[in-house]
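Below, in structure tokens: the form predicted alone, a single chain.
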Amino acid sequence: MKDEKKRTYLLITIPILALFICFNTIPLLRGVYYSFTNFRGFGSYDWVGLRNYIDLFTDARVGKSYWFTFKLAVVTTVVVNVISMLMALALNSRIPAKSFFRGAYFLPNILGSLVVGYIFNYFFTYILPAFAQMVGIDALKSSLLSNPSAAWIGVMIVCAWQAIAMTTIIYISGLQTIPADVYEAGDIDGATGWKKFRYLTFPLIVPFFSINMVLSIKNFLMVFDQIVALTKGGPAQSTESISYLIYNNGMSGGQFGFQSANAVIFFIVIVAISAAQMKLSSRKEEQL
């Protein structure tokens, strides 16, 4: 019986492991190898050592893309988690048609990122300026996406609009793990409103908050589909995320080796940030 179970586990695991190595590990290792070459994506190439990595730190376009990506990730993470927390608290309370609202607000997460991006592109380019023209709001009479200093706000709105649903679900899951007697004890002690949230609710859902923070930062750092659908990195490269820069210049810009080095650095940055977040979160949980 044990041998049959082992055989079954191996039959399930080996094909999955083979596919993972074939489509994930091998491309990753090849990318690391190409990062030490001047490969253009085609033809012959030479070994250049650490030159690509050195050039990354002096390339203004790369620096600009990192600044935009981190700014977008931090701001969107804050916006998403604040709104999601408020929505979770509302949807977890005793309100009419609670099940309907839980299903309705989750719809943005079902739609594809590219579809959502193209819909918002049309909204920002035609509908919002027309509405601004009607009510006389001069700041919005031109497309938000055509303004180099404000286009990132449009990207942030789209990213947040789609991400709020899943983040709220995680918060609702956390709220439903809180025993009712905790709130009963809080009511006896006179805890209401903000105090109840600060001293009772939030400390008990810190693990769920930590998960949302890690996932949000990681997902927004890797923003790609929304950039493709909304701005394609414009105007004037003001919304060029790291992922889009790696794809665009690596695949069609003849910088495959250079952008492979960029991808390696970006991977290390994401892993380091995620590890730091998890460590800080675990410390916070221990203190609570």
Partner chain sequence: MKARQKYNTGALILLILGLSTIIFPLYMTVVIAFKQPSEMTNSISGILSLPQHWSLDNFREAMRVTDFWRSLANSAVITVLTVVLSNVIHSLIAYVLVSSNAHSRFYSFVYLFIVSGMFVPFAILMMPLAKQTAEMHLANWAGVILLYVVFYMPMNVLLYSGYLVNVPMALEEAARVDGATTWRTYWRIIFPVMKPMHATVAIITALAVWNDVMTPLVIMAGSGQNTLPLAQLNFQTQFGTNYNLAFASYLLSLIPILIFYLVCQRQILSGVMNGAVK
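Basically, rigid core = biggest C-alpha set you can superpose within 1.5 Å across the two forms. Positions refer to the first chain, counted from 1. Since the structure is predicted, the reported quantities are computational estimates derived from the model, not experimental observations.
The same protein has a further form, the form predicted in complex with its partner chain, not shown here; the description that follows concerns it.
Worksheet item: Is the gap between Tyr247 and its partner chain in the predicted complex 4.5 Å or less for some heavy atom pair?
Response: The answer is yes: Tyr247 has a heavy atom within 4.5 Å of its partner chain.
Worksheet item: Would Trp67 sit within 4.5 Å of its partner chain in the predicted complex, counting heavy atoms only?
Response: No, Trp67 sits far enough from its partner chain in the predicted complex that none of its heavy atoms falls within 4.5 Å.
Worksheet entry | Exercise: Ser282 in contact with its partner chain in the predicted complex, heavy atom 4.5 Å | No, Ser282 stays farther than 4.5 Å from its partner chain in the predicted complex.
Practice prompt. Look up in the predicted complex whether Phe220 has a non-hydrogen atom within 4.5 angstroms of its partner chain, and give yes or no.
Written response: Looking in the predicted complex, residue contacts with its partner chain do not include Phe220, since no heavy atom lies within 4.5 Å.
Practice prompt. Could you check which residue among Met213, Ile170, Val79, Met156 gets a heavy atom within 4.5 Å of its partner chain in the predicted complex?
Written response: Among Met213, Ile170, Val79, Met156, a heavy atom within 4.5 Å of its partner chain in the predicted complex occurs only for Ile170.
Practice prompt. Would you give me the residues of 128-153 that have any heavy atom within 4.5 Å of its partner chain in the predicted complex, in order from first to last?
Written response: Ala130, Phe131, Met134 sit within 4.5 Å of the partner.
Discussion item. For a quick test of reading the superposition: does Ile270 move by 2 Å or more at the CA between the shown form and the other one, rigid core aligned?
Written reply: Result for Ile270: no, shift under 2 Å.
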